[in-house]
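Presented as structure tokens, the chain that follows is alone, the form predicted on its own.
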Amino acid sequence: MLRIAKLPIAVFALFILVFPWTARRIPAIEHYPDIMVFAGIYCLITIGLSLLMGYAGQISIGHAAFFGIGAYISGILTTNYGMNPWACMLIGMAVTAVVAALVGTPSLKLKGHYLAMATLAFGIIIFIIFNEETQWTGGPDGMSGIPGLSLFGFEFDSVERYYYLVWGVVIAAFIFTVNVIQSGTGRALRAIHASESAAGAMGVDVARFKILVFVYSAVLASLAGSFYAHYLNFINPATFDLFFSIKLLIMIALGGMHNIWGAIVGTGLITFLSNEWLQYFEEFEVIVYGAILLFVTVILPEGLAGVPGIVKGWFRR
């Protein structure tokens, strides 16, 4: 049984359905579906990251590494060994789950800044591996020739076809995650966020739930990486660096860390900002991101998802 308000998701699905048709008829935004493909790919990561950080209260600054693991496993297995891309995506998710469990088991015993530093170190290590293992990853020059996706002879060889594929998966992941949040597992995660000691005293298996949510968010990031690799047909380590992990945090902070809808909105805004509107700032792009993060932290601690509550408070007063 779905534990989700059906009207908002229906409106959102309708928007996703008609957006490419609308964009084609407006010359100024006819390239927006391409940007929306990237927004959808990143949404897969931020949905899991929002669950991990906003609901379970666990900090991660290394999710670019899981994104990269999925991308490189798909790229290496399809390019070098001619394997089926869908099978490679599943292998990537399985390998990522194992890696996340191995990394998360000791790391999630830490709290606060120590946990952040542990995930940061993991991300840096994986980034170095991507750069140095030139025999497998191509090193800084990256990998090219990664095949696209097809299903039963149907080729996802256009922006619109890939758009619908990616956003279909995003909506499915969104619905599943919201159901998790509203289940007993979600209540356990919120209890852990509030107080690990109190949650443990109430019988919640804190270590198990923390590892499960960490693995789930990592698997979504791996799936996103595979979609990214098969869409661009090219990957290089620069995509999976520390700055991208920080950009993911800005996405969920802007939208609202404690709201999955906010994660989607924040991801869309930052993706358009990066690909469309920040081209005029050139090397000052990082300053703009810093200003956004500072503004959200000081003025909108609940992100854009908290704006309706602020407005209602104004009217009440």
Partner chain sequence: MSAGIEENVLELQGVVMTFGGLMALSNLNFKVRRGMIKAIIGPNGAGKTTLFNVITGSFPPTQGTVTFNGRPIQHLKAHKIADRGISRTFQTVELFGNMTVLENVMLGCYTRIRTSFMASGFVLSQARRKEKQIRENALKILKFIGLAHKFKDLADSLPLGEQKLLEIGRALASEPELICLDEPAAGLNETETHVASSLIKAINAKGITVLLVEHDMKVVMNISDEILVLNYGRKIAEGPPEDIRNSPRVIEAYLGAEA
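Nothing here was measured: the structure is a model prediction, and the numbers come from that model. Numbering follows the first chain given and starts at 1.
There is another form of this protein, the form predicted in complex with its partner chain, and it is not shown here; the text below is about that form.
Contact annotation for residue 142: none of its heavy atoms lies within 4.5 Å of its partner chain in the model of the complex. Under a 4.5 angstroms non-hydrogen atom cutoff, its partner chain in the model of the complex lacks residue 125 among its neighbouring residues. Mapping the unseen interface onto this chain, residue 200 counts among the residues with a heavy atom inside 4.5 Å of its partner chain in the model of the complex.
Heavy atoms of residue 86 never reach within 4.5 Å of its partner chain in the model of the complex, leaving it off the interface.
With the partner omitted here, the residue from 231, 216, 163, 244 that has a non-hydrogen atom within 4.5 angstroms of its partner chain in the model of the complex is 216. Taking a 4.5 Å heavy atom cutoff to its partner chain in the model of the complex, the contact residue among 80, 195, 158, 135 is 195. From the list 234-242, 185-193, 70-78, 97-105, the contact stretch for its partner chain in the model of the complex under a 4.5 Å heavy atom rule is 185-193.
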